[in-house]
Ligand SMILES: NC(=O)c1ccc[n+]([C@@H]2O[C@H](COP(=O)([O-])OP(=O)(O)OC[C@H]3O[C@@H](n4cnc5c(N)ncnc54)[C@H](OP(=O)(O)O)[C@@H]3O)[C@@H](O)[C@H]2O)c1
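Consider the single chain below, provided in structure tokens and representing the form predicted alone.
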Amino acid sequence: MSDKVGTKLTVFLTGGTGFVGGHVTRRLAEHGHQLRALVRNPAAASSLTELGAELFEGDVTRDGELDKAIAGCDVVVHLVGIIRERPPGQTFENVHTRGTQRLVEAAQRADAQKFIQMSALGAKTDGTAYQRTKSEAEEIVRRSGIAYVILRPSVIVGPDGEFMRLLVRLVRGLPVIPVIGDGRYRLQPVDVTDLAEAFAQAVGRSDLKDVSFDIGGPHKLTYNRLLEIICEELGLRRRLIHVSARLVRPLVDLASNWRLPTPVSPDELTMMFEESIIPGEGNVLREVFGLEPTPFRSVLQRLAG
């Protein structure tokens, strides 16, 4: 593999129709790579075909659908992940752990040169089911014998991302904004376009192998501050109402047990209070990928524009 500009590789992707996947696919196409994508519904993946991607119908949760798609590919980019379970098929164990295992085994049979994995900041063996299965998927990739790059982003933001759209809807639609807890828990929002460029470089650079990177934006912001910035950019005055987590958690747990829709799941509530920030002042987007990380306010201005 070469890191020379213009090197064209055959890249197989999962999750190409998702929020992050759309941006990653676009950057890979701009870098001149030949693309193949695993999609559950080819008819709904016109955005990928417009970029020249060859589509293969399939799902990482099912066996026997990967070998033909990966055959002859140089690099595998695995972006599939879920934040909430929808049993029986869409579980953390089946998607994150077993799905990654299936894909790694297919990549091994295809003699792929590199495996790029999207994990999550905070993945760990003793965390929530989401964090644990993300950690297990990382270990599967590390033990594969294939050169790998694992990217572990904090919360990912972009004008077309659900997290930012949800916050903007809250601020625009409500005179007072409910906040669980004191709102001082911090996030390090990363611009999806910065993350997509990091993925594109991970594919093409031969010096990036057998490494894992925690990815965050330039600023560590409390949840309160995120809402304040949105209010400032939209020119709105809103009051934040803080609701005790001790009152919210039993209701969330009860709704989850009854499989009722809730704004936040029990796992998400736990991870919220753990924060999603990278220790220290360094930033690998700048130090490794040569990017100037985009501030949250600048991403919001793209949405407002």
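These figures come from a predicted structure and were not determined experimentally. Quick note: we count residues from 1 along the sequence shown, nothing fancier.
What comes next is about the form predicted together with the ligand, which does not appear here.
Undergrad: Using a 4.5 angstroms cut-off on non-hydrogen atoms, would residue 246 count as touching the ligand in the model of the complex?
TA: Looking in the model of the complex, residue contacts with the ligand do not include residue 246, since no heavy atom lies within 4.5 Å.
Undergrad: Is residue 17 close enough to touch the ligand in the model of the complex, meaning at least one heavy atom pair within 4.5 Å?
TA: Within the cut-off, so yes.
Undergrad: Can residue 268 be called a contact residue for the ligand in the model of the complex at 4.5 Å between heavy atoms?
TA: It does not: once the ligand is placed as it appears in the model of the complex, residue 268 has no heavy atom within 4.5 Å of it.
Undergrad: Using 4.5 Å between non-hydrogen atoms, is residue 71 touching the ligand in the model of the complex?
TA: It does not: once the ligand is placed as it appears in the model of the complex, residue 71 has no heavy atom within 4.5 Å of it.
Undergrad: Heavy atoms within 4.5 Å of the ligand in the model of the complex: which of the stretches 221-229, 103-111, 119-127, 170-178 has them?
TA: Careful reading of the contacts points to 119-127.
Undergrad: Among 28, 37, 252, 60, which has any heavy atom within 4.5 Å of the ligand in the model of the complex?
TA: The residue from 28, 37, 252, 60 that makes the contact is 60.
Undergrad: Counting non-hydrogen atoms within 4.5 angstroms of the ligand in the model of the complex, say which of 80, 150, 196, 208 makes the cut.
TA: Contact residue from the list: 80.
Undergrad: Mind listing which residues of 132-155 have a heavy atom within 4.5 Å of the ligand in the model of the complex?
TA: Residues within 4.5 Å: 134, 153, 154, 155.
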